[in-house]
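One chain is shown next in structure tokens, namely the form predicted on its own.
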């Protein structure tokens, strides 16, 4: 029966059919090539964000630690722009272009993840809304189990990040580990980013005390920012 319905839709001239979204009513015609263009730009340091994290006191993270962290972020911006420029040169061979492209993923994602991380911190965050707690609890069992999951995943050996993304293909929130900046990122909009590189905590904690860092970090997550990202991604 379902096959007959699909065949009927495909043969109908009164609707357009998309395999992932079903019949598209009043589907717009294809846009002719040449009617739009991109305006290429470079990466730039978000100075407003830099001021936010260096001029506020975040419990569990010293100002000295945050200033050094920002310096690393500036380095990612600089390196990403250098790689963009070098990849555009016609004089370099294909092997070098491959290496530059590999390195670019590391530097560019370093920019984006640090901006997400800095902006989802708050020195005295409000409690998460009932709606956000409900949505997170539906996925992870409870809000406390969700916070525990962040700390468990954050204990992964090596350097990297814990990210929560909204996977629209599943309509689910996904928590996972990202090696370095670029390996293992799940497909979806990043709702929360937690830096687990040693450079995020080494000045304030022992290199073996990432767990202590994470216990304090979850207390300064800005849940209003997290909820805004979630709503924007839905």
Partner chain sequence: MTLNQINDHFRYYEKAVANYNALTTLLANDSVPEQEKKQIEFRRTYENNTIRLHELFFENINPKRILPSLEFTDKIASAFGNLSAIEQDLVAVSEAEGVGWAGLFASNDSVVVAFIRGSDFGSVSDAGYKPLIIIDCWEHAYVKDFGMQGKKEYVSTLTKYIDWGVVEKRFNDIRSA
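Numbering follows the first chain given and starts at 1. The structure presented is a predicted model; accordingly, all values stated were derived computationally and were not measured.
From this point on, the text means the form predicted in complex with the partner chain, which you will not see here.
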- Given 36-44, 166-174, 52-60, 203-211, the stretch touching the partner chain in the model of the complex at heavy atoms within 4.5 Å is 203-211
- May I ask you to state whether residue 149 is within 4.5 Å of the partner chain in the model of the complex, using heavy atom distances? no
- Task: Report whether the minimum heavy atom distance between residue 190 and the partner chain in the model of the complex is within 4.5 Å.
- Result: no
- Would you check, heavy atoms only and a 4.5 Å threshold, whether residue 71 touches the partner chain in the model of the complex? yes
- Is residue 103 close to the partner chain in the model of the complex, meaning a heavy atom pair under 4.5 Å apart or at it? yes
- Query: Considering 109, 86, 119, 159, which brings a non-hydrogen atom within 4.5 Å of the partner chain in the model of the complex?
  - Reply: 159
